[in-house]
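Take a look at this single chain, the form predicted on its own, given in structure tokens.
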Amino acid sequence: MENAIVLKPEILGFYKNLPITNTLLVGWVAIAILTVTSLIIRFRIKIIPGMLQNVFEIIIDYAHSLVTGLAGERKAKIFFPFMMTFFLYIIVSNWLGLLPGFGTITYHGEPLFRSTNSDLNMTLALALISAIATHLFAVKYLGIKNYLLRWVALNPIFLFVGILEIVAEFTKIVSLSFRLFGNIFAGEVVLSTVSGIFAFILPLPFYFLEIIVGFVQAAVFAMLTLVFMVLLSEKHAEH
């Protein structure tokens, strides 16, 4: 039986005209896990926290202080939910792809589960959400006039710089989507190859490596989104 990983996600079925892929299915599973976990924590908050509440309080406190240090107290209230949502969704999606059964459980001859971020459509969608939110926040904090002045100016030199910045914005989308996709897809290929050659013990170091890669890629995506939001919502220094 061939265990090759193809670039295109496998389609499990259709809802009307919407194709339901195995990567989309895992994305829904990640959302369900995060939703249920957040509800459990929300309705079981105690003055003396349990282990689960303690872990999430440490994570959230550290992340919030990091965002506050970069964006300031006022902007942190707006930026933090986006940054944390990206991080939690991506890391859960990445780690789900390492569970037993991914790539081996089939449905009508196709793998039932596949890591969400091994699908370029998914990572591109995340990058577009990041970019759109970043520009909406820039308009919110700068005003429409100052926002447009970042890209358009009567001075030919500033106009050229503005054009370069517009190109850079599209480059950010490509960079965010392909970095996440490339690392997760490559990890799937490596794990599939090693598991197909060796069994049991030898693949374990590669799984530990992918756990680290999954965390790093989630942190990089979230932090870059935060940095882009902070930079774009700041006024240009006047000379």
Partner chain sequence: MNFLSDFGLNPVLLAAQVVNFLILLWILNKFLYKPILKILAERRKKVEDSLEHAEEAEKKLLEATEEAQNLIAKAAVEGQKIVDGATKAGLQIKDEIVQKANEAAAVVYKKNEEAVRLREERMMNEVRAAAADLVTVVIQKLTGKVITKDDQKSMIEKEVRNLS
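Numbering follows the first chain given and starts at 1. Since this is a predicted model, take the numbers as computed values, not measurements.
Separately, the form predicted in complex with its partner chain exists; it is not shown, and the next lines address it.
Of the stretches 164-172, 104-112, 86-94, 143-151, only 86-94 has residues with a heavy atom within 4.5 Å of its partner chain in the model of the complex. A residue is said to contact a partner when one of its heavy atoms sits within 4.5 Å of a partner heavy atom; His64 meets this definition for its partner chain in the model of the complex. In the model of the complex, Leu159 stays away from its partner chain, with no heavy atom inside 4.5 Å.
Ser192 falls outside the set of residues with a heavy atom inside 4.5 Å of its partner chain in the model of the complex. Looking at Gln53, you'd find a heavy atom of it within 4.5 angstroms of its partner chain in the model of the complex. Only one of Ile45, Ile197, Ala186, Leu202 lies close to its partner chain in the model of the complex, with a heavy atom inside 4.5 Å, and it is Ile45.
Contact residues in stretch 55-83 (any heavy atom within 4.5 Å of its partner chain, taken in the model of the complex) are Phe56, Glu57, Ile60, Asp61, His64, Phe80, Pro81, Phe82.
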